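One chain comes next, on its own, written as structure tokens: the form predicted on its own.
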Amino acid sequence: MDRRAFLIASAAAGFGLGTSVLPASALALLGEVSREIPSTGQRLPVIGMGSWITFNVGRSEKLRRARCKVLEEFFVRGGGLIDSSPMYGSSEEVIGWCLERQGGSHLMLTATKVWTVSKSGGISQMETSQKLWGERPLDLIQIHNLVDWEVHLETLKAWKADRRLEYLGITTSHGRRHDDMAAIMAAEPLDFVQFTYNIADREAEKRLLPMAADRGQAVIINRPFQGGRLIDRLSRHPLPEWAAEIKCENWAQVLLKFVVSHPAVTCAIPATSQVEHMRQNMAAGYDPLPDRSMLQRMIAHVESL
């Protein structure tokens, strides 16, 4: 156990709590960075957890138990938001299976998506997702890649009014459909928006990130590693000396700290199936974050490789 994990565990014991329910105030004292969700003021740790591919392990109990260890590490390190989708195979079912065995966590914000057509199809899919995650209401439902978004948004508004969910949002990925995203962000009362942003894909800086800040919309960032391609590319090169200035021990932390340093970013959602990689990812959510000068050094260095 490293120093931060030891401090987290010790603090949790001091509160008489399990590590997965350590108060956010205690984690903040340890340097965990969190941001407000503008529509409610709820604070969310800047590193969350994605589940695309990584939690799609089917019925294998061995693989499911391995994913439970990843989830446990996420909670121990102060994780908050877990993101999934019906598009991700068995991921929702596996997450729910793990949560049931770990007793859940009242710090967790559950985020999934609706990814189908028609009102009845969307309602059926969302009700299935709720059963897979567990009987507690889902916190956030997002319209995945804007599929049939006008129909689903009306349902989500009604569910929110009936307190069947806390937050609603929309998503896109791979840098697609920014014009459509911007139009919906400008016209609709969204709590969350989700799109791609990383050190190599910075298109969101031009419009979507500033618009989200202006409109009071929380931002979830997907593909912070370009689906792993950035890690593969950069791992062939030594970590630069300046990485130590922002307490980065590996390229994953450099890439994540770049993303969450943007003030409009609420949370990034890297996905992993490895406990050690989760440990590395979560460490990026602690101070210090890079300042403007360091961000320029980071961009220049990556572009030079």
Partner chain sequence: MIPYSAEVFFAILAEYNSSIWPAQAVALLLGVTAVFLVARFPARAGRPVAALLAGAWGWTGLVYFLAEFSEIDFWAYGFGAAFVLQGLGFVWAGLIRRRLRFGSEPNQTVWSGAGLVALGLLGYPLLVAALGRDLLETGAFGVAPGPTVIFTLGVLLAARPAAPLYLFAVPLIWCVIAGGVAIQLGIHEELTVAAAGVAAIIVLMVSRARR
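The structure presented is a predicted model; accordingly, all values stated were derived computationally and were not measured. Numbering follows the first chain given and starts at 1.
Missing here is the form predicted together with its partner chain; even so, the following discussion is about that form.
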| item | value |
| --- | --- |
| Residue stretch of 264-272, 232-240, 251-259, 45-53 approaching its partner chain in the predicted complex, non-hydrogen atom distance within 4.5 Å | 45-53 |
| Option touching its partner chain, based on a heavy atom within 4.5 Å in the predicted complex, out of Trp159, Trp149, Trp97, Trp115 | Trp115 |
| Heavy atom within 4.5 Å of its partner chain in the predicted complex - residue from Val70, Val57, Ile246, Val33 | Val57 |
| Glu93, heavy atom within 4.5 angstroms of its partner chain in the predicted complex | yes |
| In the predicted complex, Met87 touching its partner chain (heavy atom, 4.5 Å) | yes |
| is_contact(Arg64, its partner chain) in the predicted complex, heavy atom dist at most 4.5 Å | yes |
| Its partner chain in the predicted complex - contacting residues of 255-276, heavy atom within 4.5 Å | none |
